[in-house]
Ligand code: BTN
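Just the one chain here, the form predicted alone, laid out as structure tokens.
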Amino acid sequence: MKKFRDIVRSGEKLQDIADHLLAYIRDRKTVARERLQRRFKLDADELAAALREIGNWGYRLKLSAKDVTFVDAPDLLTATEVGYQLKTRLIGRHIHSYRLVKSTNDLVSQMAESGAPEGSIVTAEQQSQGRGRLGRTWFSPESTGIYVSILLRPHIKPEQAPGLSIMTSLALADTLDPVAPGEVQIKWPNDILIGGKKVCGVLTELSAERHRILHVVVGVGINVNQRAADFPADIKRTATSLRVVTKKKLNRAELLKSFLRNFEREYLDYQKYGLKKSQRRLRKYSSMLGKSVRILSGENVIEGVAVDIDTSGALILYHGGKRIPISAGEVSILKQ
């Protein structure tokens, strides 16, 4: 390993060595200063500079004359924090984190056009113009939610792309079910509900040629640590957060890592099998199967009973004695 002063001279930054140092300390909890200096080929002043940098990032270390002990991490969705022990093969191998952006989806779209690798993600502490489906905004206050977008370059046909929203919703439901057991529901095609209120949303944006997908951007918003009073008046009755539901704050980075692992598993399966392996879980989580619904799709309105979700992600509606697949639309449940 190069000496610290050589790393700086070669154009690499203090942050690089501090990042490796942090992971090493974190894995071992307590490490002797002498061992750190020997392992990273640092003198005492260079080690002190790297430890100060780690402290500047918001990490708490207990420092003694002999040892360095990891205490805790900040509640931030930084590349360092999200990438630590993520252990995915594809999703999140390239992480770009920001304090404030207009939209994480916009940034990933720009990265896709510039040739960024599949699985790249953008996280943000806050969005000023977060987007939901149908031109709606996504409430994105600072340091309370998870706002992440994922770049995909799937080997599927363009007509299979709508199923990616359902696939993502399923990964979200599996992620949140341990947090609120038995309460998580999927509102087709891309909302996650707890207690009938929205806690997550998915926005997929497709770039394709006639017979080929160029890339897909999957944007996810999760309401994690907002209090009930934090929500604006126009969504207060329809939105909730995990903190409201569980009555406790959650670690956002750990929750995001759990989602990224689940997402990768679902995505790899989807490219091979579509939603064939997911039917049982989709039916388990569905908020509308067996209920009378109204679907607005473009200028068309159709009512019927939601009876299934097929292997492409289409909602199957029983209407006029026929089973009709609906691939996209705005759904509302009719009062019984």
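For every residue, the number given is its place in the sequence shown, counted from 1. Treat the numbers as computed from the prediction; the structure is a model and nothing was measured.
Not on display, but discussed next: the form predicted together with the named molecule.
>> At 4.5 Å between heavy atoms, only one of the stretches 153 to 161, 80 to 88, 258 to 266, 98 to 106 reaches the named molecule in the predicted complex; which one is it?
In response: Contact-bearing stretch, as computed: 98 to 106.
> Looking at the named molecule in the predicted complex, is some heavy atom of each of H94, I121 and T168 within 4.5 Å of it?
Replying inline: So, no: the whole triplet misses the named molecule.
> the named molecule isn't shown here, but in the predicted complex which of Q127, T240, T175, N225 has a heavy atom within 4.5 Å of it?
Replying inline: By the 4.5 Å heavy-atom cutoff, the listed residue in contact is Q127.
>> Against the named molecule in the predicted complex, would R252 count as a contact residue? Criterion: heavy atoms within 4.5 Å.
In response: Answer no; every heavy atom of R252 is more than 4.5 Å from the named molecule in the predicted complex.
> Contact between P189 and the named molecule in the predicted complex at 4.5 Å, heavy atoms?
Replying inline: Residue-level check for P189: no, no contact with the named molecule.
> Is K198 close enough to touch the named molecule in the predicted complex, meaning at least one heavy atom pair within 4.5 Å?
Replying inline: Answer yes; at least one heavy atom of K198 falls within 4.5 Å of the named molecule in the predicted complex.
> Does L203 make contact with the named molecule in the predicted complex, using a 4.5 Å heavy atom cut-off?
Replying inline: Yes, contact at 4.5 Å.
> Counting only heavy atoms, which residues in 267 to 281 are within 4.5 Å of the named molecule in the predicted complex?
Replying inline: Stretch hits: zero.
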